[in-house]
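Take a look at this single chain in structure tokens; it is the form predicted on its own.
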């Protein structure tokens, strides 16, 4: 059967078309998930730590603004990805991520190794007006982040208490001090701190 006739058969048979879509989608999912199955998903990498109050707030803003719709956070173990983004992502780096933000859509580049690649000032300009630093960017600007106080992003105390219940090692002192870490800062500050954290913990060693 030629490729043209097979394509025509798929178009004319809704059952085969659905099966084909599911099959191809399944292959894409397996490419993402299978490499992680050979990794320890219960032990943190040596330098992996819980998010600070400011980083956690930045992560919530990242989720709220839909950044994960266009940016994945998973460098796959493929030569082309490693050359572009850096070392491939390890499962133990995500032990304190709830929810995971691996994603599969890359309208924009993967961000898992973005921490430390650009200055805080670069991120600040980029978030407000992306085309001021990347002329061909199609990313929308987020100028309101520079106007909203970080304390408006949610109840950080309740968030940290909830995460502690799920096993994140926050102490009473950490939780009590959390609101103070956000005072006087804008949402854009919290988001930048979160972005600068991404992918910086992995050193190739596990925690003891």
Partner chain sequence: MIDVNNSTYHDKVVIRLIQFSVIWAVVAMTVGVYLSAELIWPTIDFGQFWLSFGRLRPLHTNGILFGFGVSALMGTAFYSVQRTSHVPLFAPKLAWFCCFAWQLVVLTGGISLLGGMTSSKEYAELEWPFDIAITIVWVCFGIVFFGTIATRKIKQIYISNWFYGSLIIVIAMLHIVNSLAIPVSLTKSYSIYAGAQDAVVQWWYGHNAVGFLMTGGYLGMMYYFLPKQAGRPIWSYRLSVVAFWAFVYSYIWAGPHHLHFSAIPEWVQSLAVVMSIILLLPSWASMINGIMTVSTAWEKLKTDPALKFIVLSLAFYGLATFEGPMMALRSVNVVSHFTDWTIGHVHSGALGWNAMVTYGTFYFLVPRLVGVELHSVRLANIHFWLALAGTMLYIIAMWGAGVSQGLLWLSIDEIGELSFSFKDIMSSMTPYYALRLVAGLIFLGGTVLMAYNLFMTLKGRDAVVVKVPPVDPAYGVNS
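Numbering follows the first chain given and starts at 1. In this text, the rigid core denotes the largest set of C-alpha atoms whose superposition between the two forms falls within 1.5 Å. These numbers were taken from a predicted model, which means no experiment stands behind them.
There is another form of the same protein, the form predicted together with the partner chain; it is not shown, and what comes next is about it.
In the predicted complex, the partner chain lies within 4.5 Å of some heavy atom of residue 97. Taking the partner from elsewhere, residue 179 is found to have every heavy atom lying beyond 4.5 Å of the partner chain in the predicted complex. Under a 4.5 angstroms non-hydrogen atom cutoff, the partner chain in the predicted complex lacks residue 185 among its neighbouring residues.
In the predicted complex, none of the heavy atoms of residue 116 sits within 4.5 Å of a heavy atom of the partner chain. Each of 56, 65 and 143 is positioned with at least one heavy atom within 4.5 Å of the partner chain in the predicted complex. Residues of 7-31 that come within 4.5 Å of the partner chain in the predicted complex, judged by any heavy atom, are 7, 10, 11, 12, 13, 14, 17, 18, 20, 21, 22, 24, 25, 26, 27, 28, 29, 31 in sequence order.
In a rigid-core overlay of the protein, residue 184 has its C-alpha displaced by under 2 Å between this form and the one not shown. Superposition of the core reveals a Cα shift of 2 Å or more for residue 26 between this form and the one not shown.
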